[in-house]
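Given as structure tokens, the chain that follows is alone and in the form predicted on its own.
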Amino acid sequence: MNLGFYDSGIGGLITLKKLMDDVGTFDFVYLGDKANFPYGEKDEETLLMIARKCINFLKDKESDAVIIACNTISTTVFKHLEKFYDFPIIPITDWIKSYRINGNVKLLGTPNTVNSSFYQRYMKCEGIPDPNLANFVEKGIWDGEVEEYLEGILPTGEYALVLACTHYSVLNGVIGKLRPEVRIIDISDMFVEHLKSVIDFSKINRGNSSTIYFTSKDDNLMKMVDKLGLSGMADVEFIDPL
């Protein structure tokens, strides 16, 4: 069985690395759609068109199942995607179906993710829509300037903070430093635990044949692959926009 992963950039790679740290390395095909990054404020018609092209690409690369490691796609147009495919497509939000959070909850995500009200259907939470945070992560700015930015957008006090974007996972330490009283709920961690319950990883190919595709040439992307500890685990190829 071959797994495909899809995100707008490097966010899904963060989730993928967490998964492999848990279950061991396995073969994968990853598509980071840098040519269309960011997704956070695009309209649904555009997002659906983009997502279909990306999933079709992964299917052509012989993926038996596709993980949509993007909250924006998962919360806005996933409901339309399923009807186009006869193989498993698993959204990053799949874990929420069996999880409940009580108390004071805040949701940090892209404007599209927050405004979709997807998470609000499963939990009572206050949304913090932000169009810029994923850009910091994509550029490799994981401390310093992003710490100052977070100080300006994160409320004070005690609450649970749902990090509703896979890019945000690398900011756990910074957020914990700024708001030690806040309980962080990292959707990447939640999804990894969920995925282990729906996929038999003993059946996943482990032949050391993996490729990371990006739809735009960016020298910084190679640095990000290395920073995430994925260098040597996969070939990296830059392709034309889909």
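For clarity, every value in this text was computed on a predicted model and none was experimentally measured. Numbering starts at 1 and runs along the sequence shown.
Not on display, but discussed next: the form predicted in complex with a small molecule.
- Of the residues F191, F57, F37, F28, just one reaches the small molecule in the predicted bound form with a heavy atom at 4.5 Å or closer; this is F37.
- In the predicted bound form, the small molecule lies farther than 4.5 Å from every heavy atom of L150.
- Although the partner is absent here, L171 lies well away from the small molecule in the predicted bound form, with no heavy atom inside 4.5 Å.
- Using a 4.5 angstroms limit between non-hydrogen atoms, I89 is distant from the small molecule in the predicted bound form.
- Interface membership of A134, defined by any non-hydrogen atom within 4.5 Å of the small molecule in the predicted bound form, is confirmed.
- The stretch among 209-217, 175-183, 65-73, 192-200 whose residues place heavy atoms within 4.5 Å of the small molecule in the predicted bound form is 65-73.
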